[in-house]
Ligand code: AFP
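One chain is shown next in structure tokens, namely the form predicted alone.
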Amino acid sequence: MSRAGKTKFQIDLRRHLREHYVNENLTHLICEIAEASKYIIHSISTGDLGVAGTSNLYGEKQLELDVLADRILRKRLDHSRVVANMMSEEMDEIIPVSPDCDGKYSVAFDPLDGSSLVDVNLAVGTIVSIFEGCDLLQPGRRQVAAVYVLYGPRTTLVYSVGKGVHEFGMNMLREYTLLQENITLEPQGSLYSPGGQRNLYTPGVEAFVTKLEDRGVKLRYSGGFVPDINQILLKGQGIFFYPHLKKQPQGKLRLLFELSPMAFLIEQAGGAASDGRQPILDLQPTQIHERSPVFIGCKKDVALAEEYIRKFEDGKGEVAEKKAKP
């Protein structure tokens, strides 16, 4: 169903979820995530940008905003009464909320992705992955919903429950209203967002980038995963990748907190997401903080990356084997 004219700006998030026949508990959960984002954007605007004096499990220094955003989101999820388990990228273990899994959800989230960009006033975001029941270690294809919130010049929320991808904007009353629905990607794009140090690219990835450049594809990279994926979605074309690197075959980004939810959204928009060998959504995570290479965006561009990796790599630069779902 398409919207036209001013009426679309009268559609708020809750109404849109109900119109798409999303069940009551999942509607409530997504709206709680939206509520949490209002407190997070306030913290970004007014909070302490300094170091918290603690490190996360990756050995990275935590900023005050990382800690605060994590606390805000966990509190909202805990009090939603529809969450069984939750897992934050800032934590080292799953947090049980309720022993009762029936009708409830398990949620994995990155509370403030790209937080190191805040002090230079670049866009950052929150990423959320939602599964039914108590099990978080599932292939991303079993997600029932994925959400991200972008804190930029505007605050926007993008979600999918497997019925297309829809964007909402926060208005002056701090309510999310519909901006556009059923966002789609073109088969091939004219921009690319490359992560990782280029002199560490493996032969297949280097050949792929050279092919893009020869085609005249423009480099557009912010250093933030959420704004770069948002750029691809809203422009309707492009590819983001953070590949396997020499001596770093698993890449950098985390499967559960970052890649699975974004892959779910991109596929819902008609795009693709791969680790270079197989779809991101088919990867079976074996541990909470598992990493994976990623090539995500327009279908033809992702397929081209896979083709060059197969053609030019002899095993030394291959993507590490992962178990696909049965």
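Numbers follow the displayed sequence, beginning with 1. Quick caveat, the model's predicted, so the values are computed rather than measured.
Omitted from view is the form predicted together with the named molecule, to which the following refers.
242 is the sole member of 168, 201, 131, 242 with a non-hydrogen atom within 4.5 Å of the named molecule in the predicted bound form.
Among 182, 116, 138, 177, the residue placing a heavy atom within 4.5 Å of the named molecule in the predicted bound form is 116. The shortest heavy atom separation between residue 251 and the named molecule in the predicted bound form exceeds 4.5 Å. Taking the partner from the other structure, the named molecule in the predicted bound form has a heavy atom within 4.5 Å of a heavy atom of residue 225. Residue contact check for residue 275: none of its heavy atoms lie within 4.5 Å of the named molecule in the predicted bound form. Shown alone, this chain has one stretch from 71-79, 95-103, 184-192, 215-223 that lies within 4.5 Å of the named molecule in the predicted bound form by heavy atoms: 215-223.
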